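In structure tokens, the next block holds one chain alone, the form predicted on its own.
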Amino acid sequence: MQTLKKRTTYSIGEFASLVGLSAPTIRYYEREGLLKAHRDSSERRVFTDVDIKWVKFLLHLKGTGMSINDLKQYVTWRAMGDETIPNRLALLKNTKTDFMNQYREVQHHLQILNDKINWYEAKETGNNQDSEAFADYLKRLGHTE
């Protein structure tokens, strides 16, 4: 019985597909120092499973709103070793604070959207006063804007 060899490297196209990015974005990340490609014997970029995990982590940070400059700073500090853990921790905590503020704002926008939908639905079914303005409706619900 033949044993399948586990794949250890991926071309840029395969890698891009696995991490959900385009090949040009992978090249951009490499130019910006966020990712270091390995080279095969033909000098083509190749990536590993470790690279997949790293990029997915970077995408989580990016998803919180961390800027490319902050990502670059994080990568620089990470490469410098454990003495930069306080710097990295502070950066991550600041990112979390910013993200939570944005998250609360998005939640508020969603609440207003839901209230507008409910207001229209109540008008359609006749369960709302025809003359009540949306601003008055929001005020009645406890919104302050």
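The numbering used is simple: start at 1 and walk along the sequence shown. Treat the numbers as computed from the prediction; the structure is a model and nothing was measured.
Just so you know, the form predicted in complex with the DNA exists too; it's not on screen, but the next bit is about it.
Peer 1: Is there a heavy atom of S42 lying 4.5 Å or less from a heavy atom of the DNA in the predicted bound form?
Peer 2: Yes, S42 lies within 4.5 Å of the DNA in the predicted bound form.
Peer 1: May I ask you to check whether S17 falls inside a 4.5 Å heavy atom distance of the DNA in the predicted bound form?
Peer 2: Result no; S17 lies far from the DNA in the predicted bound form.
Peer 1: I'd like to know whether T25 contacts the DNA in the predicted bound form, with contact meaning heavy atoms within 4.5 angstroms.
Peer 2: Yes, T25 lies within 4.5 Å of the DNA in the predicted bound form.
Peer 1: Quick check on S11: any heavy atom within 4.5 Å of the DNA in the predicted bound form?
Peer 2: Result yes; S11 sits at the interface with the DNA in the predicted bound form.
Peer 1: Out of I52, L110, I68, L89, which one falls within 4.5 Å of the DNA in the predicted bound form, going by heavy atoms?
Peer 2: Of I52, L110, I68, L89, the residue with a heavy atom within 4.5 Å of the DNA in the predicted bound form is I68.
Peer 1: Looking at K36, K62, R104, K56 here, can you tell me which has any non-hydrogen atom within 4.5 angstroms of the DNA in the predicted bound form?
Peer 2: If I apply the 4.5 Å criterion carefully, the residue I get is K62.
Peer 1: Tell me which stretch of 95-103, 74-82, 113-121, 42-50 has a heavy atom within 4.5 angstroms of the DNA in the predicted bound form.
Peer 2: Selected stretch: 42-50.
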